[in-house]
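What follows is a single chain, given as structure tokens, in the form predicted on its own.
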């Protein structure tokens, strides 16, 4: 039996408690400063309010100020924060990490500096740790199509665990694997993190097809909708993702596997990113749509803003052609320049 500490009591991090519990492990669920109500309910009713489920056996809940004690003897730490919580958890864990202790994150995203250089989140976490710890620990990530509520409901789910060394990813995967949670290990941590972040950007384009349908008044008198443009945009997104992964020395196959196509599919089934794309597809500017979605966390926006710096760098270096990524160009125009945009049909599939 292992002791796994999940830091961040959001739905995705917490959902990992189910396979861990089913495998007989002990779980510490530690809230961030924003999770006090969740931890209070976990303590009083052994229930997660956002998942709408009683927590599985073996879970003990802790508030933020109890972090050090909660992870004291943990064998593994799960980073369960969103992309805006990465700096917080990096700082929070920096003084508490121990030599040889591994960290795996569910956070999907990356960020870039003004020059367009990318930093993936596992490396943000590693960078805050003391060198003596960092050199003897593995900082990993989870990627793939996994809706938190389905995992907590023990529905069949397939994901990739990635680390710099495949053996480390496999070792951690063994803690989580069940008859419903299927895990493939990978040594391409860099490429996996790029893919799972990019799909968040591209689902915005898929959502725009929904907006076109709404703008047209919905299905016509014979029931015709707009799955055709959504599917074409979905395919163009995978093509562009493959080109970006190639340009950035990630595994191109991730674009068409679980981190890319798989994760993009479940994200396109609904949620905040799809809704934002729908509003933009209806003809709203991003600034207008943002007001209509006030209070929502929109990680897709952070990725597109990062790509507005990464994409020009890759073009300047000559690893991407000027006409190769029309969809990301459209999304960048919508988000960073607040333009009214339409899907660039005639520029799709330039290599065909």
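The structure displayed is predicted, hence computed values, not measured ones. Residue numbers count along the first chain shown, from 1.
Absent from the display: the form predicted together with a further copy of the same chain. The rest refers to it.
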For a further copy of the same chain in the predicted complex, the stretch among 125 to 133, 80 to 88, 110 to 118, 150 to 158 with residues bearing a heavy atom within 4.5 Å is 150 to 158
Exactly one residue in 171, 256, 282, 101 has a non-hydrogen atom within 4.5 Å of a further copy of the same chain in the predicted complex; which is it? 256
In the predicted complex, which of the listed residues (243, 186, 278, 138) lies with a heavy atom within 4.5 Å of a further copy of the same chain? 186
Answer for residue 268 alone: is it within 4.5 Å of a further copy of the same chain in the predicted complex, judged on heavy atom distances? yes
Can you tell me whether residue 167 touches a further copy of the same chain? I mean in the predicted complex, with a 4.5 angstroms heavy atom cut-off. no
Contact of residue 230 with a further copy of the same chain in the predicted complex (heavy atom, 4.5 Å): yes
Quick one: does residue 145 come within 4.5 Å of a further copy of the same chain in the predicted complex, counting heavy atoms only? yes
Across 221 to 236, which residues bring a heavy atom to within 4.5 Å of a further copy of the same chain in the predicted complex? 221, 222, 224, 225, 226, 227, 228, 229, 230, 231, 232, 234, 235
